[in-house]
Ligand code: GLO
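As structure tokens, one chain now follows by itself in the form predicted on its own.
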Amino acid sequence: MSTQPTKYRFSFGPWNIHEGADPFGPTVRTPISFARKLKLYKKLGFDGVQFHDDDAVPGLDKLTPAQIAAKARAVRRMLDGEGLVAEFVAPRLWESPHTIDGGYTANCPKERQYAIERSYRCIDIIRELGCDLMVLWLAREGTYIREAKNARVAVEWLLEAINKMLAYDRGFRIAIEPKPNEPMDHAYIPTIGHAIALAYRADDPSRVGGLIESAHAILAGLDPSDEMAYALSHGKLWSVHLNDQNGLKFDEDKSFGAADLRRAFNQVRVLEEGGYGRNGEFVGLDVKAMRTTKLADNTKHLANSRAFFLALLEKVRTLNRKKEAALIAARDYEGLERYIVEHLMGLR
């Protein structure tokens, strides 16, 4: 392993520059075109673009595979022109009228087939954009009431879908992004442990891993750094969505480190010490500007999150490991806690 410090690459999705709608109110800012958003990436210090399939190819359900491929190639040229790369593409299955009852786990076979076909088109886009990663956020793969579906059968349907995708094209990987709830009351793959267990059952486990979003782990009552460490121990942490969450409510996508600085520090530490980024993995952000933000300031949350990550990275790299080890050896955890907090405060 290289002894040189990791030079991290950062990514975000075009949806992270948005119009301020939230679950309780409509948009409040003027939309910005995709082309204009792309020109902001490098200025903000980002190299990678996260995509949903219809971010790259709007209206793809009404297009032929050839038309989809042509439009994706045009987006690739736009990325090349800005010196950017696609990090991943995710099939947006949760907004279609075909997926009201779920995609891969819908009770209706025709709707499950729609989800598979839509995923194939997503893989086609991945190929044209020159990346090798699909992210599966299994948004509607669950139930509002448990009696509506057979959870055991639903897991088998998920596995079947993953295997079909793996067989469709052998040149890409799948990263499952777990979340315990929202929009469904009960999700079938709520944590990274569930995702990795499913990965090991796949026909090619080496091509199925995970993406961990900070807020999703928090909503499950878990610490994101522990979830990241678990995935890293399996060699299956292939992307992250760093953000923050102020309590157990809807997914807030707050700026990384804004709600709990120490929790953010531990995420950065786990990534740094676990070798994340040394194989080209991106530090992905999934953060949204506050509804009160003015149009002129609608990228500050991205710049802030990146700056907070780098500041915390410096705290990780300047931590006095000998002092920490001595406190641990003495079982002086009160002393350790004080040292960590004072280090974060700049007092040590």
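From 1 onward, residues are counted along the sequence shown. Owing to the predicted nature of the structure, the values given are computational and were not obtained by experimental measurement.
Same protein, other form: the form predicted in complex with this ligand, not shown, and the subject of what follows.
- In the predicted bound form, this ligand lies farther than 4.5 Å from every heavy atom of Asp124.
- Although the partner is absent here, Asp226 lies well away from this ligand in the predicted bound form, with no heavy atom inside 4.5 Å.
- This ligand is not drawn, but in the predicted bound form it has no heavy atom within 4.5 Å of Tyr120.
- This ligand is not shown here, but in the predicted bound form it comes within 4.5 Å of a heavy atom of Trp94.
- With the partner omitted here, the residue from Asp251, Asp260, Glu272, Asp204 that has a non-hydrogen atom within 4.5 angstroms of this ligand in the predicted bound form is Asp251.
- Between the options Glu128, Asp244, Glu111, Glu213, the residue in contact with this ligand in the predicted bound form by a heavy atom within 4.5 angstroms is Glu213.
- Here the chain stands by itself, but in the predicted bound form one stretch of 99 to 107, 176 to 184, 78 to 86, 260 to 268, 176 to 184, has heavy atoms within 4.5 Å of this ligand.
- For the candidate spot formed by Trp15, His52 and Ala90, every residue has a non-hydrogen atom within 4.5 angstroms of this ligand in the predicted bound form.
- Residues Val135, Trp137 are the members of 110 to 140 with a non-hydrogen atom no more than 4.5 angstroms from this ligand in the predicted bound form.
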